[in-house]
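One chain is shown next in structure tokens, namely the form predicted alone.
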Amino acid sequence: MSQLSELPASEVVYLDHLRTLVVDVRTAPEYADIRLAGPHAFMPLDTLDPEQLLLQYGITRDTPVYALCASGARARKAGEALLAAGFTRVALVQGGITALKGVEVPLAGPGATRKEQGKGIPLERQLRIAIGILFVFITALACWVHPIFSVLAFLFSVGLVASAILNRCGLAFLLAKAPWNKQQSCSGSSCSIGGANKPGASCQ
């Protein structure tokens, strides 16, 4: 079996995107916050499907594939999965998207322009904060106003499951459109992350 290699973050800018494929395996909120501005694929680690990569992006098992995550841990797992599926030229991007912030690699999304020492909160954390606040509010209503409000918690939970299955999150879209995230610009009724995202057509 081929060995998983590593690509320095500074070398990403020199990749020939007509002959290689960078696969971002982070979560949808992380991807919406900051991502590569150039051609790449998006397929979260928990939904990574080697066969789908072959079909959707028109590559072969000999195409150089570079797995990208936040810092490298998930990219290594993705790379190992691709090697196990028969891919022969797989590498992980050293340091992940965090390392890319410090080199000359074009990035997109609100996180690409937010200063590290600024007050901005990454979209993924904003999403978790919003969900937590909503559940606390719904629980308070069910406990102190009327038990019927517990139905809201059930419906909200169903919505979260549907969001994970469909890979579309309306709440993430609303947060991305908030004034403090004004650099983000997804279109449509909800922020669709992945799926039809082919090289050269990333959500920007």
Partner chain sequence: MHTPNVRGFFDPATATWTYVVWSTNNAVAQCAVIDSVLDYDIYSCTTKTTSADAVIDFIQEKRLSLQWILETHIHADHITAAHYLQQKLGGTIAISKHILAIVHTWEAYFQNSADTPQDGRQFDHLFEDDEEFTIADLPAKIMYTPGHTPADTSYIIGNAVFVGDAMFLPDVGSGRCDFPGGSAEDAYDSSRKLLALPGDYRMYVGHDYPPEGMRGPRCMATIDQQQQTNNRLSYSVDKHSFIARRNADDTGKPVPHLLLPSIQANLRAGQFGEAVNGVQFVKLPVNML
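Owing to the predicted nature of the structure, the values given are computational and were not obtained by experimental measurement. Residue numbers count along the first chain shown, from 1.
Just so it is clear, the following notes concern the form predicted together with the partner chain, a form of the same protein that is not shown.
Proximity to the partner chain in the model of the complex, taken as a non-hydrogen atom within 4.5 angstroms, holds for one residue of Leu152, Leu45, Ile59, Leu174, which is Ile59. Not displayed here, the partner chain is approached by Leu55 to within 4.5 Å at the level of heavy atoms in the model of the complex. In the model of the complex, at least one heavy atom of Pro39 sits within 4.5 Å of the partner chain. The shortest heavy atom separation between Thr139 and the partner chain in the model of the complex exceeds 4.5 Å.
Within 4.5 Å of some heavy atom of the partner chain in the model of the complex lies at least one heavy atom of Ala32. Only one segment in the set 155-163, 24-32, 66-74, 139-147 has residues whose heavy atoms sit within 4.5 Å of the partner chain in the model of the complex; it is 24-32.
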